[in-house]
Ligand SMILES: Cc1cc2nc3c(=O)[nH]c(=O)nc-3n(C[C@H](O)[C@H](O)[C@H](O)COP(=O)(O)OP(=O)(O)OC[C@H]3O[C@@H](n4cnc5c(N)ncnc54)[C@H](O)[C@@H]3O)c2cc1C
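First, one chain by itself: the form predicted alone, in structure tokens.
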Amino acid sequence: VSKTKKPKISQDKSLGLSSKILRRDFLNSTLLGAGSALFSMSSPIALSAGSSINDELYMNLPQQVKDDWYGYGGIGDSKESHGNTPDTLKVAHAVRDSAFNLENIKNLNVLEQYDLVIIGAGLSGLGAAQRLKELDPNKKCLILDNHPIFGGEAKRNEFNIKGQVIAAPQGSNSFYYKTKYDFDEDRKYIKLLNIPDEFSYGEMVNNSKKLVFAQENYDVQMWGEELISKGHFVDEQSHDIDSQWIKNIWKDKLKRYPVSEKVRNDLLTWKYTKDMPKDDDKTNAWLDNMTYKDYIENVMGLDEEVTKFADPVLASSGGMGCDVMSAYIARLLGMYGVSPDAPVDPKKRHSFPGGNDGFARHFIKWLIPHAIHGDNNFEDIMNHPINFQGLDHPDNSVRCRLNSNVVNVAHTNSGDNKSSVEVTYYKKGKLFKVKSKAVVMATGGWINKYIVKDLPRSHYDAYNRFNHAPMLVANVALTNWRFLHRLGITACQWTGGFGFHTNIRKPMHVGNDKPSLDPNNPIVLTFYVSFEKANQGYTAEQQSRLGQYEMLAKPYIEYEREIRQQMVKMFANSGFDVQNDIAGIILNRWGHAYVTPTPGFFYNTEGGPGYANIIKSTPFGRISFGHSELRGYQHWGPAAAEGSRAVDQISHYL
């Protein structure tokens, strides 16, 4: 009997795509000019400039995406800002393609003057503002950011599911505290910002299966998975066997995991080896001048299947796979073979309800007390709404101006006589200019090299070696998680399809908001989806461009379909109801989520400082550079410290 393929509309209905959930109703949207959104244009963008009164200039920029590309944004302060917004795409690509007339910018009048202008209100920019206020609280500072809310990638998504508000991270997420792995910068800022040093989480009232939950989304992917109730899904597509779940694959040294004996032994060697490279500059320089794939396969002599097993974990933490990332960044990220297997008690790894937006909110409250309603305590800072008008009030010593896309940063004089810096930004279709004694570039290298006029060749060449990888963070709100409870797992990993990992986070208690863990109650599953094209012969840059094209060109409805298909594949047999269990989906698309430290990022071939140090160590006149990617390892505390360092470098101008 021949089988006929079901019509797509029927398949979509069976996947619940016609169900009413917390999302807009989408047409089958497409990216307008997808190629131009990602690759250089052969001719300049045609812009029309309106009448100028020299105080502002009207500019019409072409949209990159349709309105229905962006998707549902949830509720709360971040509902209009999830991932890169259509406006940020529009302006950033116009800047990259030299669409702004520099003569028009030069003739704009300066509207305001400040002691310091900071470009970017992510954690680096907020750290820079904190340092300035610490040095002199009377200095006038303006922070310009291109998104509708501060935080960079440290923002939250919020859902209202049956009257219960649940938050999830848009990107930046997770921190150690009171462990040997703590960053000194984390401890410093936690104390300075008056963040509690103890946290409580929801528990299961009736936990007869003795399920163990992670409190965040990263350690459970590899480093602490043995301490969590985790299952690996395998099937015919991934391992040429019938679909099944294998719980805690390391418990019996991979005996139940369907790989060959050689691959099994090599995986065990990779994870449990005690033969670590030395931790000194000479050894670290050696590691930084090879890829992690080279180290696994050529130094350790292990099978390529080990590299493939490690690829999605490294990409989730650092943007790309083993074939392009240096072995030294793999060490910094704690990858096996170059770092020991030393799992941390999952109760020592934390995550705020909305991820690292909790730190961003504390920075803002410290800088501009009235910018978040309520008192200066943990509950109010985390749960009270933002006073957006208060962010940019004229009486503030520190002002934060949102939806402001900086397009040009230029010294007012050439040569050694650089007396000030002028900053031009695009907001609501107009160009504006402000002047400052100095500027901190707390934005990423992918845009800095285009907007800083007359950037020295040394800096430009260094920035050209920076590679940035995209990341999609999909938050899927569920009405219940009974299907996971039936399986007896709280975390999942798989190969092929949409993403590779997701897990239930224990809900952190904040004030009187004390949710419990109940399989009948709503939760949010977070999928971190990377776009590495590992082991296919592509360079890091080629992989990033292919990933960006895929992520930005794909309509929301296609991602929703992929998410539903993946969940049906893995969970249908345990009772997952695709038509009723999904309450909402938010996509956070980050085009340049991670810098991907390729060999030479930290150390050159002679063992001296690598190409990142050129940017970090040498300001350009009154312009300094302080952004998270300069550390290679992108984490909230060191990111803020990079902004602080950049202020110190140009403080004598203030």
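Residue numbers run from 1 along the displayed sequence. Just so we're clear, the structure is a prediction, and the values are computed from it rather than from any experiment.
What comes next is about the form predicted in complex with the ligand, which is not displayed.
W446 belongs to the set of residues with a heavy atom inside 4.5 Å of the ligand in the model of the complex. Using a 4.5 angstroms threshold between heavy atoms, F625 stays clear of the ligand in the model of the complex. Contact annotation: A214 falls outside 4.5 Å of the ligand in the model of the complex, judged by heavy atom distances. Within this chain, N356 lines the site of the ligand in the model of the complex, having a heavy atom no more than 4.5 Å away. Of the stretches 330-338, 223-231, 123-131, 366-374, only 123-131 has residues with a heavy atom within 4.5 Å of the ligand in the model of the complex.
Among Y72, Y528, W494, Y189, the residue placing a heavy atom within 4.5 Å of the ligand in the model of the complex is Y528. Checked against the ligand in the model of the complex, the candidates S172, S326, S436, Q543 yield a single residue with a heavy atom inside 4.5 Å, and that residue is S172. Highlighted residues Y218, Q634 and A639: every one comes within 4.5 Å of the ligand in the model of the complex, counting any heavy atom. For the partner-free chain shown, I119, G120, A121, G122, L123, S124, G125, L144, D145, N146, H147, G151, G152, E153 of 116-153 come within 4.5 angstroms of the ligand in the model of the complex, judged by any non-hydrogen atom.
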